[in-house]
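Next comes just one chain, in structure tokens: the form predicted on its own.
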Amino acid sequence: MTAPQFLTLHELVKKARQKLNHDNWDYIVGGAETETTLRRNRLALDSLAFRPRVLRDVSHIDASTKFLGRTLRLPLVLAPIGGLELFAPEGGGAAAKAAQQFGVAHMLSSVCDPGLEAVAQAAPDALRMFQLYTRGDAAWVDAMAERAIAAGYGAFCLTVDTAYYSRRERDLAKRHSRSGPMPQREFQARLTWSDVARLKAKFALPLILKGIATAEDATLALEHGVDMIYVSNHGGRQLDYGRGAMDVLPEIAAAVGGRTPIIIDGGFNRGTDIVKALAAGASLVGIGRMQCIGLAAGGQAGLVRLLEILEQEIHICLGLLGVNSWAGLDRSYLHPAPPVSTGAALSAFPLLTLEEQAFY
């Protein structure tokens, strides 16, 4: 058997950087304006230490989970990202096929090629969810929901934190226009809770709201019958000076009180990050930047390899914490601690420059 090309996550990061041009690399590592929210995502994770327990039988680790009636190999969803075709020719199709091959969930962005029907055909057996940016009136939104249902998507996700498009200064400073004209963007700014109520009344497909960042809005979502809360700050790419996603999670978990699943994304790069989120009350963790890195490094195979390494990290972390399944994990395994990183998008990989370092 041939040894895998990548043994560590930082090797995938390095390969992705070698293969991407500067503009597409900035799309992965950049955020809005000062990139403070982006850094706080990492710092919120890095400010949590573990409290391990010992002398427990951890000879068998089960990191699988149940979600939407399906068994997932890990509590992961490949988060919705626009423009995945920048990183692999098949775009969303490559990500969906990787999710199907490995056994995690996939959420397709409505601004990702090759579109929801083609992605469904590429990975018919994957647990697929569809995320929508609103670009039309109620009839347009309903038509998109009907297409998602017809294509076999298991949930419909409405993004609610993009009323205005942020200033991505890495692009502005280079005079690089990534998205071009965005007609009908005003429909996103007009979204209200009445639209949520209308969707819930009309469609049985589970409804997710992505971009919830306060207990108040989580409570309102439950009052409107929303089926899942998606905690996200768009990876630090929308509102600058927001809180880190893991700083937000405790108040959301308290407001939800176990009544509905919580998905979270924002700076989750390592297996230990995923363990922290589950200990703090999340049901599923979305990976965005790392998804782009896996695809850029090696397409579908690169993304599957990234998931394999994450699984190894998770198994080791759970075992060393003294738990053998997610049911045994809770907040008692977490403790606040001073961060030792800079909070940069890829600060979870301190060995990126390993080959350049001299050891004596």
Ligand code: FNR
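Residue indices: 1-based, along the sequence shown. The shown structure was predicted, so the numbers you read here are calculated from the model rather than taken from an experiment.
Only in words, not in the display: the form predicted in complex with this ligand, which the text now covers.
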| query | Thinking of this ligand in the predicted complex, which stretch from 232-240, 118-126, 254-262, 191-199 has heavy atoms inside 4.5 Å of it? | reply | 232-240
| said: So this ligand isn't shown here. In the predicted complex, which residue out of S283, S166, Q100, T159 has a non-hydrogen atom within 4.5 Å of it? | reply: T159
| note | As a check of understanding, the residue in A151, A279, L207, V111 with any heavy atom within 4.5 Å of this ligand in the predicted complex should be identified as V111
| field | Contact flag, I81 vs this ligand in the predicted complex, heavy atom cut 4.5 Å | value | yes
| query | in the predicted complex, does Q131 have a heavy atom within 4.5 Å of this ligand? | reply | yes
| this ligand contact at W326 in the predicted complex, heavy atom, 4.5 Å | no
| message | I'd like to know if I287 sits close to this ligand in the predicted complex, meaning any non-hydrogen atom pair within 4.5 angstroms. | response | yes
| query | If we check this ligand in the predicted complex, which of the residues in 23-41 reach within 4.5 angstroms of it by a non-hydrogen atom? | reply | Y27, I28
